[in-house]
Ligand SMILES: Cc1cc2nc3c(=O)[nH]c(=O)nc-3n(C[C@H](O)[C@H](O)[C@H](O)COP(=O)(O)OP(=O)(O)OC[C@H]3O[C@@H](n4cnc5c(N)ncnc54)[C@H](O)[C@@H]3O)c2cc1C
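Just one chain is shown here, as structure tokens, and it is the form predicted on its own.
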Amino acid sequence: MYVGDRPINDSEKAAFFQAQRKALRAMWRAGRDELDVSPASVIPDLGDWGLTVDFLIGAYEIAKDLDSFSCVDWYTAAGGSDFYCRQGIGTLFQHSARDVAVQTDVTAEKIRWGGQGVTVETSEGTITAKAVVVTVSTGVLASGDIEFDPPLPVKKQEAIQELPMGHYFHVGLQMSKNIFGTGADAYFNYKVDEEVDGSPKAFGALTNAGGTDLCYFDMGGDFAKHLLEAGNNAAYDFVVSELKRMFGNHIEKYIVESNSYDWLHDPYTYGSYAAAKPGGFWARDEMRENIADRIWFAGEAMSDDDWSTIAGAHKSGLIVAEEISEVL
């Protein structure tokens, strides 16, 4: 962690950890006591390290600021370790599904479930089946891009609204030199001193991914949305300006290649993973309920403890597959 243009010192580190503990303790107590309220409503004043802790707990981890998600929802999330697949996550899943007939670039447009079984109208024709597993994000469900005939039950529609997608923006930089001096898969953060409309103005970084000098710089919450809407390489410019501020103007010569992706406006996602609104924790249980033994929902938003992760999405699909097998 950096403070300004230098590594954090011991006294600053102690102050930061104390502020972080205060925040996590307040959230933990609220979650334990089933207080379905926002972290912002229970976390005490954290002083000089407040914005940094806000960013690391909220925007960086949940893709939402501290006034926009539920302490109970946060409390249910399982801890764990992240590991990177050197060949890429797409390669991993292509390998895992190598014996499965998969057709890509097909858009589901309407799901009819009023009679026997279901029919799914797609851009490549109609599929008829006994049941369907809907694995799109809650952002896609809320958008109405997939029409349900008849409409989904009101309680299900309300649950979708209570599990909105967050805002997250990755900027990837391939570096020719490890300017951070870290080992493989190491995190880099810095003290946050600015905000935009209450959202911390900062990035968190995963450096030297897999020992390749590939780095991910992640913005989250409303600040990420602000960058996404600004366009014109606003996120790249922000990341590079922050790196220059910390490491000097010469760092730009070490950037070999860059890439970023707009998940907010992607029609297959409309945002970045779902977290329950304050008061909306009930929505995850509701989304896990099938409709008329014909429509099941799976994905990270339906995971009971690993939501927001690929692992949670995968396990949710396995659970639903077993349920359908038992019912049908």
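So that there is no doubt, residue numbering starts at 1 and follows the sequence shown. Fair warning: this is a prediction, and the values are worked out from it, not measured in the lab.
Quick note: we don't show the form predicted together with the ligand, though the next part is all about it.
Undergrad: Hey, in the model of the complex, does Ser68 get a heavy atom within 4.5 angstroms of the ligand?
TA: Ser68: no, not in contact with the ligand in the model of the complex.
Undergrad: Please determine whether Arg245 contacts the ligand in the model of the complex, using a 4.5 Å cut-off between heavy atoms.
TA: Arg245: no contact with the ligand in the model of the complex.
Undergrad: Using heavy atoms and a 4.5 Å limit, would one call Ser38 a contact residue for the ligand in the model of the complex?
TA: Contact with the ligand, no.
Undergrad: Give a yes/no on whether Ile310 approaches the ligand to within 4.5 Å in the model of the complex, heavy atoms considered.
TA: Close contact exists here: in the model of the complex, Ile310 approaches the ligand to within 4.5 Å, heavy atoms only.
Undergrad: Go through 129-137, 220-228, 197-205, 172-180 and give me the stretch that gets within 4.5 Å of the ligand in the model of the complex, heavy atoms only.
TA: It is 129-137 that comes within 4.5 Å of the partner.
Undergrad: Just give me the single entry in Ala108, Leu214, Ala77, Ala234 that has a non-hydrogen atom within 4.5 angstroms of the ligand in the model of the complex.
TA: Comparing distances to the ligand in the model of the complex, the residue within 4.5 Å is Ala108.
Undergrad: Considering non-hydrogen atoms and a 4.5 Å limit, which listed residue (Ala209, Ile146, Val240, Leu152) is close to the ligand in the model of the complex?
TA: Spelling it out, the residue with a heavy atom inside the cut-off is Ile146.
Undergrad: Scan 292-308 and note down the residues that get a heavy atom within 4.5 Å of the ligand in the model of the complex; none is a fine answer too.
TA: Contacting residues: Gly299, Glu300, Ser308.
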